[in-house]
Structures are given as C-alpha cells and as structure tokens.
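Below you'll find only one chain, the form predicted alone, shown as structure tokens.
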C-alpha cells in the first residue's frame, strides 16, 4: 500500500469548513448500549483534529445490516451517546455536544449543520444503510451526502474494501484539494505497508477462523511473502482431511479439499513451511462446555475439534518467538468458551511477547488480543478484518483508491 496522490486531513485547511468524516462506527450493541467502543476510540484523533481546526464536523457511518429505514435495532442513537461520553472522558473536548438528526440528507439536516457551533458541537448522522443507495453505490445518494459538506475525509478503514456510496462514489464530488484520508487510515496504511513491503525475516503468518473458502486468496498471497504459515481454527480440518487424516465430526468444507491440497503443494514448492495442528481439544458437540485432548492428529468419529492441543500450541509458539515479522488473522479455536480458548490466548500472549513487528489483521483476532489485555503490546492492530485481508492479497481498496488525485472514476 502506498499514499501516492492521497492527501491527509492535516494537509487540508478545515477552518470554518463543513467537514464530512466517514468513520467506522459499526460497533456491537446490546440492549441499546455499545458493548465494544474500540472503533469509536480509533476515530477520536481525526475527530479531535477537525474540531480543533475550527471545522463544522459531520460524522457518518453504517451500523449492522438493517432491513430498512424503520429497523430501529440499528439506529445510531446509542453510538451518538457513547461518542459524547468518550469525547468528554478520552479527549480534551470537554462538554462537547453530539447532535443527532432524525435523517441523513436533505434540507432539515442541512439547516442543522448550518447551526452547528464549531468547537462546541459535532453531528453524527443516522445509519447510512437506512438509505438503499449506500450499499448500492448510488451516485445520487453520494451526491446528496457531498452537498452537506465542503470537505470530505475518509477515516473508515474497516469499510475501505467496499465500493459503497459514502466510501467510494462520494469522492468524485470533491476535488483533490477538498478530499483526503483521516489519521486512522494513515496509521493503517503505514502498519500494513511495513508488513507487506519491507518485512524482516523470518516472517510468520498465523491464519485461523472457520472457513478455508474465506481465506483462499490471502493464503495464496501469503505463500509468496512469508516463511511459515501456522494454520488453526476450524479451517485446519479441511487441510487435515485433504492430507488424509481422520477429523471426526469437525467442520470440513468438502468442496475445498482440492484447493487445500493445491495450497499445500504450492507452499512446498516455494519452500514455505505450513504447520497444521498435531493434536486437538475435542468434544461431542459445539455446545459442549468441556473437552478432552487427543493424543495425536487424528480425531475419532463422534468428536469434533474445537481448539488446538498443547503440542500444537508449543510448536506454534516456538515459531512466533523466533519471528521478526508476524501477521495474525483468525482465532485458533472457539475462544469464546473457556474450555476451548487456550490455543487462541496462548498465541495472543506469544505474539505480544515476541520481539518482532506484529500486525493483528482485524476481526476476532482483535477481540482475542483485546480480551487478553495485550492490544498495546503489538505493533499494529487493524480495525478492518476484510480490508486488511484484501490489502494482504494485494487487491486495491476502493475507499483508498477513490481518494487519490486523478483517480479515474467510472
């Protein structure tokens, strides 16, 4: 990833300007309250910069997958409340009021923006996905959004791989002097660029999660970049079955056995080491609260693998300890349950303790490293699972590309 042709928020004059900042406030809610505010906190430096520059700050984000504009489960109102608390406690913007309009675009919202008090108020628009034009990448919706502001800033790395109206199309309505990236996106580009463009060796990747099908592209790309790949999670059982092992009732993607073998052959041909689990924590069902450890790699019928075993943990930790560069995406087991969390949290501790530069590639890996209290001990924690994987695959991110000067919009 590079920053060619991209301007950043601190390159732009924001004083007395209406500044629309696309943030990623797609956070979990429970009973009308935010249960994890990591993404909101990640956007605070950009918000604070715009406020202190004297801008009228308008924030916008999607939240979940609402069924329509009346799906009150996904209103941004609880997010606005949490943002107000964080602005008061985690920044120097005391008593900052968060204005929450009923709509997203239109005359009423424009009137409220006109009345915004710089350095005293910010606005958070309602859920962008209440408008069907958002996910559809509709030019008319993008234009309506653009008319709310003089300057557009994208700081939503977690949505940068989506060609949605507020992420990609909106850029065409701002010239290069009035659009740019936020501080979080700059941090993401710097962290991922160090990982992909100038990694020190040995370079170790840890890839877990449920499905090989979700990680085919990133595994293919990593083989060309790394020295060792440690494979865990349910996806490991597709690889193990492809190698001829018995995996009991473990989750296997039968349609991807050939692709798994192809990845193993490609890695061998390139001299890349792929380590699969050599033992497991197993149980009779996914709902089990306790498990047993297998003696070896095979799993008996009637049991399913739900975590890697102690021998596997030991082998993985040894590779991590020696690594100069580490990339981790995906848990190694059902870490939400204590009985099957040892593998994931052991890896989290090993990554945090390693002397090498480490990147956590979004998703459940971030949840694991955060639950372990070790997020501050790694080199870079990405806020975007899908976006970081797409970057590792070498695919362009629409939300980044649209910011570049002279980008050829269709």
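Residue numbers count along the first chain shown, from 1. As the structure is a computational prediction, the values presented were derived from the model and not from experiment.
Only in words, not in the display: the form predicted in complex with a small molecule, which the text now covers.
Checklist entry - Residues in which of 167-175, 300-308, 262-270, 151-159 have heavy atoms within 4.5 Å of the small molecule in the predicted complex? => result In short, 300-308.
Next on the checklist: So the small molecule isn't shown here. In the predicted complex, which residue out of 209, 248, 101, 202 has a non-hydrogen atom within 4.5 Å of it?
Outcome noted: Answer to the contact question: 209.
Checklist entry - Among the candidate residues 230, 323, 332, 185, which is the single one with a non-hydrogen atom no more than 4.5 Å from the small molecule in the predicted complex? => result Exactly one listed residue reaches within 4.5 Å, namely 332.
Item to check | the small molecule in the predicted complex reached by all of 25, 52 and 85, non-hydrogen atom within 4.5 Å | outcome: Checked in the predicted complex: no contact with the small molecule for any of the three.
Checklist entry - Taking heavy atoms only, is residue 279 within 4.5 angstroms of the small molecule in the predicted complex? => result No.
Next on the checklist: Even though the partner isn't displayed, in the predicted complex is residue 179 close enough to the small molecule, meaning a heavy atom within 4.5 Å?
Outcome noted: Close contact is absent here: in the predicted complex, residue 179 is far from the small molecule, nothing within 4.5 Å, heavy atoms only.
Next on the checklist: My question is simply whether residue 237 lines the interface with the small molecule in the predicted complex - judged by any non-hydrogen atom within 4.5 Å.
Outcome noted: The answer is yes: residue 237 has a heavy atom within 4.5 Å of the small molecule.
Item to check | residue 90 within 4.5 Å of the small molecule in the predicted complex, heavy atoms | outcome: Answer no; every heavy atom of residue 90 is more than 4.5 Å from the small molecule in the predicted complex.
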